[in-house]
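Just the one chain here, the form predicted on its own, laid out as structure tokens.
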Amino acid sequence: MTTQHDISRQWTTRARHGLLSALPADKLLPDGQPTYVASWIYVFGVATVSALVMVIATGCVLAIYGPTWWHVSSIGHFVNSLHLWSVEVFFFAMIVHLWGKFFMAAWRGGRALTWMTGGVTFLTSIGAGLTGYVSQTNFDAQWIATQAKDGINSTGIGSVFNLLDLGQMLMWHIVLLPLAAVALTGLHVLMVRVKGVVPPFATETEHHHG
């Protein structure tokens, strides 16, 4: 017979209690935010996530029809253009958000890991962008791959990350790196929910003195 004590020791019970303690419903889906959240720097954060959704959506369409579809189809060219400009918006918004939070010292108040997940997401996205460029199946992709391979080989990872291997680069671009980027973005957003949005310096100073 299972007792209440036995149930409380189960890993599922401990995990549920830990999750609910760290992320209650009012934090996961809040219906209000501090007034200082009404700032353009957070708009760029939301724009980054929105652009990522569009990148994944258009990338799925391109994956269905293959990497050469957009060369011979006007619709494919349109979808590929949407994919490209979504990536441009994604990087622009993310860089503005990243630097803005840097100058706001967003790691204050135990938020260092939140800041680091954002930085790692940015680095992962650079890899996704590079593999996307070399997966275009055109002369531009060949040029980028041949020019970048020596730099990659000098790091010692050329044996497992071969820019001249289209199949390998395509798999990195449409599977591994997107999974990492989406997982890191989700983790980043969850950590923002757990720790809350970092207050401005003036607000934090007033709180300490009060």
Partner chain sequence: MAKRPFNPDRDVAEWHGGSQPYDLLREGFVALIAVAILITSLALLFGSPDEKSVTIRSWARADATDFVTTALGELSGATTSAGYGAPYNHASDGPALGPLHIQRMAGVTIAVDSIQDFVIAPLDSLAAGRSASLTAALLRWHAATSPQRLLWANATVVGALGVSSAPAGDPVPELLSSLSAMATSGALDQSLIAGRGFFSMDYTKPLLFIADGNWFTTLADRQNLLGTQWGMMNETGSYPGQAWLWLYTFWYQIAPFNSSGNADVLVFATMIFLSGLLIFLPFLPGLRSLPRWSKVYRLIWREHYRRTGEASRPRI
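Numbering follows the first chain given and starts at 1. Since we're looking at a predicted model, the values are computed, not measured.
A second form of this protein, the form predicted in complex with the partner chain, is not displayed here; the remarks below concern that form.
- Interface residue among 184, 174, 61, 41 relative to the partner chain in the predicted complex, by the heavy atom within 4.5 Å criterion: 41.
- For the chain shown alone, residue 179 is not a contact residue for the partner chain in the predicted complex, no non-hydrogen atom being within 4.5 angstroms.
- The partner chain in the predicted complex is not approached by residue 66, whose heavy atoms all lie more than 4.5 angstroms from it.
- A residue is said to contact a partner when one of its heavy atoms sits within 4.5 Å of a partner heavy atom; residue 75 fails this definition for the partner chain in the predicted complex, lying far away.
- The closest non-hydrogen atom of residue 196 lies beyond 4.5 Å of the partner chain in the predicted complex.
- Heavy atoms closer than or equal to 4.5 Å to the partner chain in the predicted complex belong, across 59 to 97, to the residues 70, 71, 77, 78, 80, 81, 82, 84, 85, 86, 87, 88, 89, 91, 95, ordered by sequence position.
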